[in-house]
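Only one chain comes next, encoded as structure tokens, the form predicted on its own.
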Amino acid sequence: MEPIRIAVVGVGKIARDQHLPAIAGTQAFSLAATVSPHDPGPKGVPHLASLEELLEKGPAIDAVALCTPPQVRYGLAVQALKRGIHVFLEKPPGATLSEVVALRERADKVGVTLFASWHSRFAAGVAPARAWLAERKIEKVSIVWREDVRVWHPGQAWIWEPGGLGVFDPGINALSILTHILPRPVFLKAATLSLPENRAAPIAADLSMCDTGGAKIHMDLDWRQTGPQSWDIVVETDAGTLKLSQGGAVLSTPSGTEHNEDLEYPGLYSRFANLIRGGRSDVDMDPFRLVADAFLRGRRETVAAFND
């Protein structure tokens, strides 16, 4: 079977750290081109300044991976879908829920694949955690997702603008795991968003949620963590406590601890290839919907200015 010819649009940190290595490591895809007005791609690979230029001048592609900031992703996705090109959306899948709904409807009409990717769902411990929890009664969930924004997002001004999500950019990873492993739907009850006085997006957030069975869920997000970073989800059940740590890489249950090789982005690209070959899309908006609910219902507080 011929590899799927893919272009990576946006050659920033996430593309270089994850997308390009994942594509290079799979036989399902071949890297046909990269696109960026600023950053050149790997040597020997055709590089163009815009997606429009790529679509007009070639080389020929079957799919695009959109690794740009979310605020511009909708327009790029529309360009690709109009040409019958399959689209991989980095998380979050867009700047608004309405954009993603419109893209899903367009992809369905055109008959191509749209994939809203959630890389943390492919962390090593997530699938076994989902299976273990399926047969348990959930009593309580605690999420602590604290990291140093200066380490993980240095100089990324877009992330502090409307649509950039602020601390929910990493926090949505935790929500993608939460909504995947719990057997029942989750909804938000209250939130407090902490916005630096010089920024339009939160640097920290505290969320109170529950599932439809009444289990209480608390989430603590903070971008001001220094030293060791915290990416932990603890689920208390009628059969004991489950813990996912290191962003889902390590799973602990009453029977022991598992730490397997983490292959998040290779897992995403395997999923994308299977969707394309099966003529299907995967556009789960549950994590994004919870973020939108936090902005809709959350109380805002102003905190000290933040500067890189």
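Residue positions are given as counts along the sequence shown, with the first one as 1. The shown structure was predicted, so the numbers you read here are calculated from the model rather than taken from an experiment.
The protein also exists as the form predicted in complex with a further copy of the same chain; that form is not presented, and the subsequent description refers to it.
- Although the partner is absent here, residue 128 sits far enough away that none of its heavy atoms falls within 4.5 Å of a further copy of the same chain in the predicted bound form.
- Proximity of residue 230 to a further copy of the same chain in the predicted bound form falls outside the 4.5 Å heavy atom cutoff.
- Remark: residue 289 counts among the residues lining a further copy of the same chain in the predicted bound form, judged by a heavy atom distance of 4.5 Å or less.
- In the predicted bound form, at least one heavy atom of residue 212 sits within 4.5 Å of a further copy of the same chain.
- Scanning 110, 101, 133, 234 against a further copy of the same chain in the predicted bound form with a 4.5 Å heavy atom cut-off leaves one residue, 101.
- Of the listed positions (186, 85, 205, 143), a single one reaches within 4.5 angstroms of a further copy of the same chain by any non-hydrogen atom in the predicted bound form, namely 186.
- Annotated contact segment (heavy atom within 4.5 Å of a further copy of the same chain in the predicted bound form): 186-194, selected among 222-230, 119-127, 144-152, 186-194.
- Shown here without a further copy of the same chain, the chain has 288, 289, 290, 291, 292, 293, 295, 296, 297, 298, 299, 300 in 263-300 lying with a heavy atom within 4.5 Å of that partner in the predicted bound form.
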